[in-house]
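Just one chain follows, in the form predicted alone, and it is written as structure tokens.
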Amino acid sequence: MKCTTVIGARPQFIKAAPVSRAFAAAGIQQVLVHTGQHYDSKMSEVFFRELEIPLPQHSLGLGGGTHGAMTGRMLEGIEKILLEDRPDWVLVFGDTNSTLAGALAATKLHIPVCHVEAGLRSWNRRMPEEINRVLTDHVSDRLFCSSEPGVENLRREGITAGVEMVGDVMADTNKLAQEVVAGRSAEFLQTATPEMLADEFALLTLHRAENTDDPVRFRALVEQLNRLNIRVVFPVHPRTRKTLEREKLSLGDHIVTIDPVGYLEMVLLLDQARLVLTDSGGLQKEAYWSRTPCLTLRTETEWVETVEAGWNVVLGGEVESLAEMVDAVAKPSSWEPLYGDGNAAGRIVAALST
């Protein structure tokens, strides 16, 4: 059996790592296609090194541009590869433009599609990620869900065939990463970002289009971040850096900006932080696994389980309440695994092998 896996962005590198290992262990041929959606070395190549993902057989280098232009170029590039390779399956992860392009290219060629992290819904159709995940789910043949709400969301949309709750492959990667970083000393963290070790800190990521492409909301977020009474460590996404420059916005002295970091360094940062401020979907879960409280800088979240467990709070539309909410964040007294036992990849590969 041969499976072509399409990836292109940081969360997909993290998800692909355990699945690639499971394919190799099962003796299944995997062809890895990297669209280049994240083309910066800090956002891409470092993850391949740290997570020991096999180098892609195909690198398209198609990052940048509008959503439509990017998705169209990816669709064309992936289609050419699939016509040559003719795999038994095409596997896609999550909700990026790479996800949708891979799923569309495959289904138009009548190649079965497997969607890992199926069934997520934010119920916000203004998010490009929501459109990507809904369309991908509706053309997929096997749909692997991270939690039961995903299964229920698909059922409501009439999708029941091929659906399976396997757990979260990011839990698999996090399990491995925690074992690795447990052997790293604080010296690694200090060498990477020595400025932040003087005090407790909040870890910030901010890159979603709903924030960076809305000048009013983005300016309000920056104003609130500048009012915080805690040191903030901010790995700045290239898109966000451009927005800060375009809007001529300055960050307070308490906000330490650093370049994007690798996965293992991010795990270390999460473990050290007092809280996480993020609009990333994956980082909400990673914060949960690190048992670090999270404040999600969006109007909703797909990861409702983390909110129900008390480890995640959603900012919502009232950006002016951000500073007050940060002061109120506290670590819950209890924690339990929400997304499986760290063996989702094995279940996925076993299902595709039958």
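Residue positions are given as counts along the sequence shown, with the first one as 1. Note that the structure is predicted; figures quoted are calculated from it, not measured.
Keep in mind the form predicted in complex with a small molecule is missing from the figure; the text below concerns it.
Proximity of residue 11 to the small molecule in the model of the complex falls within the 4.5 Å heavy atom cutoff.
Heavy atoms of residue 235 reach within 4.5 Å of the small molecule in the model of the complex, making it an interface residue. For the chain shown alone, residue 89 is not a contact residue for the small molecule in the model of the complex, no non-hydrogen atom being within 4.5 angstroms. By the criterion of a heavy atom within 4.5 Å, residue 211 is excluded from the residues contacting the small molecule in the model of the complex. In summary, among the residues 150, 281, 167, 77, the only one with a non-hydrogen atom within 4.5 Å of the small molecule in the model of the complex is 281.
The listed set 275, 114, 261, 177 contains one residue whose heavy atoms approach the small molecule in the model of the complex to within 4.5 Å, identified as 261. Here the chain stands alone, but in the model of the complex its contact with the small molecule, taken as any heavy atom within 4.5 Å, falls in 282-290 among 24-32, 282-290, 322-330, 306-314.
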